[in-house]
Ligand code: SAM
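Quick setup: one chain, the form predicted alone, written in structure tokens, and binding and motion questions come after.
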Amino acid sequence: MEINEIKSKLGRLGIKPSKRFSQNFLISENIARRQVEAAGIQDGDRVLEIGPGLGVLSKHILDKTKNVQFIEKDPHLAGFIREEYSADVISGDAMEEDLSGFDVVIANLPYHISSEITVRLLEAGFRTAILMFQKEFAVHLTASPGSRDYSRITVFREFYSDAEIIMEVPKSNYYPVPKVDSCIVKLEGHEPPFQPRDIDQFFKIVRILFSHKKRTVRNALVSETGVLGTTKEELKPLLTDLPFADERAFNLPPEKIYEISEYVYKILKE
């Protein structure tokens, strides 16, 4: 899609791209085609596209299947997709809509909601997701334990899916040109590798450890006794056998954080 074509369509719709809502429109048809091909859409798949915009991905998806649900927050763009492609479009906010029940998700996500929408998608479940992110976020999402980019969102993602960066996308492929480059990430959903007795507490422990990732595990937990519903005086004597007590969060794979979480559950709940 040429820049002049994008400008013309936006002009007819009375839209000025919003920086606040990360409205940057992909220009490259080749990149859009590769995104859709990477999704591996199969017969019978139910497909979701979030934020179709002017349809650069949508038309390639519809070449593969008509079983597609589009969610577009901008009512002008929602109307455009609905009319241009005779498509089923929800004019609403993906942060509020039901995202469950889809086999494949394809989206060029607004940068400002990358983390929140990814969490919602992972919790909803899917077989495959092909998502465009700001490069920095994509690197965090796919990082390995021990790297400087390993973070809370990495652990959350690993609980629900495998991930790989399949393509870097220079910022010049967008209109308006954003300040940063992007990456296409492929997520393959899987069953959680372990089953916490209290999943909310597991993710609470993840949050505590990465909020204090330069502290040891023991010191991070002691510093957040209020969140754990206890006191320092009560907790400290119970941590004598805490696994990986002297490690730091950025070195711990999810399985080890799970062991820590189960230990904390045992000493506080049993």
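Model, not experiment: these values are computed from the prediction. All residue numbers are counted from 1 along the displayed sequence.
The form predicted in complex with the named molecule is left out here; the points below concern that form.
The named molecule in the predicted complex reached by all of 25, 72 and 93, non-hydrogen atom within 4.5 Å: Yes.
Heavy atoms within 4.5 Å of the named molecule in the predicted complex: does residue 109 have any? Because a heavy atom of residue 109 falls inside 4.5 Å of the named molecule in the predicted complex, the answer is yes.
Residue-level contact is defined here as any heavy atom of the residue lying within 4.5 Å of the named molecule in the predicted complex; does residue 36 satisfy this criterion? Residue 36 lies outside the contact set for the named molecule.
Is it the case that residue 50, even though its partner is missing from this view, gets within 4.5 Å of the named molecule in the predicted complex, heavy atoms only? Yes, residue 50 lies within 4.5 Å of the named molecule in the predicted complex.
4.5 angstroms heavy atom contact with the named molecule in the predicted complex for residue 77: Heavy-atom contact with the named molecule at 4.5 Å: present for residue 77.
Between 31, 41, 56, 222, only one gets a heavy atom within 4.5 angstroms of the named molecule in the predicted complex; which residue is that? Looking at the other structure, the residue within range turns out to be 56.
The unique member of 87, 139, 153, 113 whose heavy atoms fall within 4.5 Å of the named molecule in the predicted complex: Looking at 87, 139, 153, 113 one by one, just 113 meets the 4.5 Å heavy-atom criterion.
Tell me which stretch of 144-152, 121-129, 185-193, 93-101 has a heavy atom within 4.5 angstroms of the named molecule in the predicted complex. Flagged stretch: 93-101.
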